[in-house]
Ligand code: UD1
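Just one chain is shown here, as structure tokens, and it is the form predicted alone.
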């Protein structure tokens, strides 16, 4: 998005997390909350992003790497002070700057886009994201004039009885005109009980200058929820999980029990695929149509399943590609593996893909029948139409059409267990 910059505030201590880690690097469905905030901005079309870091900044930087620029807040002196630290990146720029919170991870990119669009189309110098709460206690109230413009934000402790009845609250997410924000930042002070610089003071400064300000009410209040402790972390995980599951169901996927199904971001699932209970599907996985997954299935990262594939109960697959019509029924581990079309993988089969130093691949061709309790010691290749005898440990390649049996011949020692 041209002429738009984002500032992500990620410097807070998060003491209520009771953790040695920065709260910014705690994960929701496998992804750090600060990374989610940054990716939400990128998905909204914003490429120029500044992360304001402070407490345990090395942890945050290890997550975000070079995907953002950095500003540093060494003293925690309020939200206005945090934005001040990014001033050097704003000087000489025109357009809009969006201020986001690193601990608000499930804000929809579409909401960010709408906020910017409203600010531009209404020619507002400041546009706030707001929400309607039936119980707004503890939140700053949005005071509007008769024309709907924002006059002020009044904090709970400063609100009179009439203002406390207002249900529209400040969500703490803003879109500012860059040049007017820079001017306002030079005027805000910390002359308050907390001794901090508040970004909300920018609104009053702009209003006093006669600059137009406004607010946009978010459609889904869950989007603006933040993470302050591990209870809230679990709540947001549940909200995002249900949101992702709902999107897949709208696209034609059958999920039998959304409360026990965990589907991460960036997963593609075809129509009429059935997901049974207690299934986890991690990121960068593609599943075709008319597949059957679970129950108790664990599909890890970077898997690709073609149409009409069956993944049964107690199956784990990782970095594995499975061809059309193949069956992986139950109690199986396939890692770093490629399975061709119309194969049957017997119960108890595993790929021994790690030798303690390196990960190696197993390649199984088309129309292969694998007997139960087979071990594939990678690297190994199985040709098309091969049969693997049950209980085999396969350490060498198997040519096409071959029957491979790799086990000791049975020996019966009669009367071995007979007592005298």
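Positions refer to the first chain, counted from 1. Between two forms, the rigid core is the largest collection of C-alphas that superpose within 1.5 Å. Just so you know, these numbers come straight off a predicted model, no measurement behind them.
Only in words, not in the display: the form predicted in complex with this ligand, which the text now covers.
- Query: For the chain seen here without its partner, which of 176-184, 133-141, 288-296, 275-283 has a heavy atom within 4.5 Å of this ligand in the model of the complex?
  - Reply: Contact criterion met by 133-141 only.
- Task: Could you tell me if all three of 4, 41 and 119 have a heavy atom no more than 4.5 Å from this ligand in the model of the complex?
- Result: None of them does, since no heavy atom lies within 4.5 Å of the partner.
- Could you tell me if residue 155 has a non-hydrogen atom within 4.5 Å of this ligand in the model of the complex? So residue 155 counts as contacting this ligand.
- Message: in the model of the complex, does residue 125 come within 4.5 Å of this ligand, counting heavy atoms only?
- Response: Heavy-atom contact with this ligand at 4.5 Å: absent for residue 125.
- Query: So in the model of the complex, does any heavy atom of residue 320 sit within 4.5 Å of this ligand?
  - Reply: So residue 320 does not count as contacting this ligand.
- Message: Taking this ligand as it sits in the model of the complex, is residue 77 near enough to touch it, meaning that at least one heavy atom pair lies within 4.5 angstroms?
- Response: The answer is yes: residue 77 has a heavy atom within 4.5 Å of this ligand.
- Ok, 199, 107, 334, 328: which has a heavy atom sitting within 4.5 Å of this ligand in the model of the complex? The option sitting close enough to the partner is 199.
- Task: Identify which of 260, 163, 190, 228 has a heavy atom within 4.5 Å of this ligand in the model of the complex; exactly one of them does.
- Result: Exactly one listed residue reaches within 4.5 Å, namely 228.
- Counting only non-hydrogen atoms and a 4.5 Å cut-off, give the residues of 94-121 close to this ligand in the model of the complex. Those in contact are 101, 102, 103.
- Message: Checking residue 140 here: with the core superposed, does its CA move 2 Å or more between the shown form and the other one?
- Response: Yes; that C-alpha moves by at least 2 Å between the shown form and the other one.
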